[in-house]
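Listed next as structure tokens is one chain, alone, in the form predicted alone.
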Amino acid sequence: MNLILTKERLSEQVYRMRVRTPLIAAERQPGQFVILQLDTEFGERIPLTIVDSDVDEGSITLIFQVVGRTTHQLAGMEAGEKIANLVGPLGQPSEIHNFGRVVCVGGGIGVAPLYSIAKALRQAGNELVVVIGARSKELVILEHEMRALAGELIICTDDGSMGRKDLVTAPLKELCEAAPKPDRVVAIGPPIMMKACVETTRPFGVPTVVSLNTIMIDGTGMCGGCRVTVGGQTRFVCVDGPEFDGHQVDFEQMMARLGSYRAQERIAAEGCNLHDEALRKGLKE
């Protein structure tokens, strides 16, 4: 079980995998995630959103970015290998109804979890506008998949190499200023991007949902690592989320907590880079 069926590189540091796990595939709903562990004895546990599933095949699709030791190790695995531990589906499913006109905003790797939600919203009869943001053309993912779902697709890049040279908040503000304004906004990406989207929609009173990716360990709410403040109350992303009313989220507190282990994360990443460099040197010799 947990057999990797396919692996595909979407950009320099982003990969897509299909993994055979029939029970999770059968139960998974949009917005939910899994927690995986590669080393059952000492390996860290990391959350990854389920991007899609195929019940007939018994598989789920995961998209991840190489940012630390575990994602680095996962990127080195190939089809035919098995993931030791895969737990899910976890978290509350997305709220899917026919809201009317929905704007889905994805930044960087946030486009991956956004896809499953956008797909479900389209199937529910919503009119979709999708905004994708990335630093450059090479880092834009799921363009064709999103284009197939959206009535309008807007791409923004920091360097102008694709679409508009703008932040995602620029077209989002334009859409909120237009008549009729959106009935709902879903924003997923780096915390600073989600906060900016929330502040963009707040003056217009447009309901805005964000999906939070905090530090997680057990996925059951017991460890408290994923706690955030929403509407002045403590909530746990793994069991109460991952989606919340963006206008109620204390982003400053969340971003401060995300930086708690930055030094350890940097050391782990440097170790992976040194390992890669040694491997390349060995191959050359």
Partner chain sequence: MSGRPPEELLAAARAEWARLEELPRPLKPRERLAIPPQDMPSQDPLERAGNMREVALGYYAEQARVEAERCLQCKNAPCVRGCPVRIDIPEFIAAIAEGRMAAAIEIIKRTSLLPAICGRVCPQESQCQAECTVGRSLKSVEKAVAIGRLERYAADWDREQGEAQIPETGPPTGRKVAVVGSGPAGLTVAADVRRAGHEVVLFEAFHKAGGVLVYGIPEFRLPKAIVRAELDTLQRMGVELRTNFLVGRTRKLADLLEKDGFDAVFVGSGAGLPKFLNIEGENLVGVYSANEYLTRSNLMKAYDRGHAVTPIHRAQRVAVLGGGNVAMDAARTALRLGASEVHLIYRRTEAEMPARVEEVAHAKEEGVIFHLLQNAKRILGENLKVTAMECLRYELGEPDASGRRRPVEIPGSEFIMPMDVVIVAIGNESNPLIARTTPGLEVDRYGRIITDEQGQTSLPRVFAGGDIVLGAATVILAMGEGRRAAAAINRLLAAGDA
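Numbering follows the first chain given and starts at 1. A quick note: this is a predicted structure, and the numbers were derived from the prediction, not measured.
Although not depicted, the form predicted in complex with the partner chain is the subject of the following passage.
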Listed residue (Pro182, Gly107, Gly91, Pro113) with a non-hydrogen atom within 4.5 angstroms of the partner chain in the predicted complex: Gly91
Although the partner isn't part of this model, could you tell me whether Val228 comes within 4.5 Å of the partner chain in the predicted complex, counting any heavy atom of the residue? yes
Heavy atom of Ala84 within 4.5 Å of the partner chain in the predicted complex: yes
Report yes if any heavy atom of Arg69 sits within 4.5 Å of a heavy atom of the partner chain in the predicted complex; otherwise report no. yes
Taking 4.5 angstroms as the cut-off for heavy atoms, does Gln248 touch the partner chain in the predicted complex? no
Checked 16-37 against the partner chain in the predicted complex; residues with a heavy atom within 4.5 Å, sequence order, are Leu23, Glu27, Gln32, Gln37
